[in-house]
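Next comes just one chain, in structure tokens: the form predicted alone.
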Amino acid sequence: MTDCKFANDAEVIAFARDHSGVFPAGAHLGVEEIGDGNINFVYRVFSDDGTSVIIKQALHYIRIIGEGWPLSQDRIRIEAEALQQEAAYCPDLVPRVYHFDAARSAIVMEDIGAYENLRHALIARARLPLLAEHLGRFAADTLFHTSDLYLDAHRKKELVGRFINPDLCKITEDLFFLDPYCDHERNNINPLLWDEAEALWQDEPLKLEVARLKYRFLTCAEALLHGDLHSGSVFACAEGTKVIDPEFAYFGPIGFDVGSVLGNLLLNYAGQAQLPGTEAERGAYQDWLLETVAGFWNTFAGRFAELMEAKTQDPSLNLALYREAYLADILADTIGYAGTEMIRRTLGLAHVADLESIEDPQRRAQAESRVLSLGRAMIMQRGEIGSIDALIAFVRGH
């Protein structure tokens, strides 16, 4: 562990000037710290003509907590290499990496400030016509091309080794699969929801299914996951989409990434019922969200099936019946992991503005209660729903 933190703005500017290749010689540069900065330091370096880059630096602890919560700095290497892996297949959907410096534990990358944080865009009811297709293609291309369906055995196992990520995986293991299902000190619970939380902690059938999902997360090295593919890790506008922050990347079950996207869309769906606006406005946007859920899955599944048919290397796996069965398994995982994302965002440590921005505690509790009920039902019935259209009907009817 090293204390490599930039000492001042001048060091940040010099690093950007030396390693980005985008600033003219002699250009006057400025710097500002941006983002929520919970784990890492993030800076924007900019010139007078509007050219800018982002620098992300990882220290050996969580920024907002300090050295009381140590964290491996190898996470920044993992993020840089994950971005490069993703760019090999979806260069238009991730920020460009200009430089990675191991000694400084820092990445210099493209500034995507022209895009809006997806979570904020959804709360504001933005219509994003390319979102479903872009996220579906991102998931299909990055996950297929890092799986055993495409890679030979030696390359796959080499990559698994490069993306061993125990510190950040442990955070996910706890926040997704442990804390929300017990009275844990890290939990953050609306007092009006306390009775429902206590009932969930005693729900043994639910905890059994969560244990099954957790075990797959621990043991199923299916493909290179982004690992933290929630709405805050996606930036979007009417013209495009960018996926950022894959520092949680590791080899795990494909349905975890796909389910994280789906779960965040459904969190916003539940929150919309209690957010400001007329009933007609809220209902129309909920319809758009469910159309986006269907479009995302259909793009992912269609693209993944095409890639399986065209590029699967092992002939014993390149069978029409196997493709159909494989995608059915991914859908069941997706629905289950979406449910765990919804529950952990309601009872666990890290809540989301889709619900937290509902100012009235009673109305917020109504939305949170709906999330808990729907999330539980999705986990319990993930193997029975069977299709994305059935899931949409399930959500509407729940």
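The first residue of the sequence shown is number 1, and the count goes up from there. Predicted, not measured: the structure shown is a model, and the values here were computed from it.
The same protein also has a form predicted together with a further copy of the same chain, omitted here; what follows describes it.
Look at 269 to 277, 188 to 196, 286 to 294, 220 to 228: in the predicted bound form, residues with non-hydrogen atoms within 4.5 angstroms of a further copy of the same chain sit in 220 to 228. This chain appears without its partner; in the predicted bound form, the one residue of 305, 319, 126, 102 with a heavy atom within 4.5 Å of a further copy of the same chain is 319. Interface residue among 148, 309, 133, 281, judged by heavy atoms within 4.5 Å of a further copy of the same chain in the predicted bound form: 148. Of the heavy atoms in residue 91, none are within 4.5 Å of a further copy of the same chain in the predicted bound form. a further copy of the same chain is not drawn, but in the predicted bound form it has a heavy atom within 4.5 Å of residue 212. Taking non-hydrogen atoms only, residue 157 approaches a further copy of the same chain to within 4.5 angstroms in the predicted bound form. Residue 178 belongs to the set of residues with a heavy atom inside 4.5 Å of a further copy of the same chain in the predicted bound form. Contacts with a further copy of the same chain in the predicted bound form, taken as any heavy atom within 4.5 Å, map within 169 to 196 to 169, 170, 173, 177, 178.
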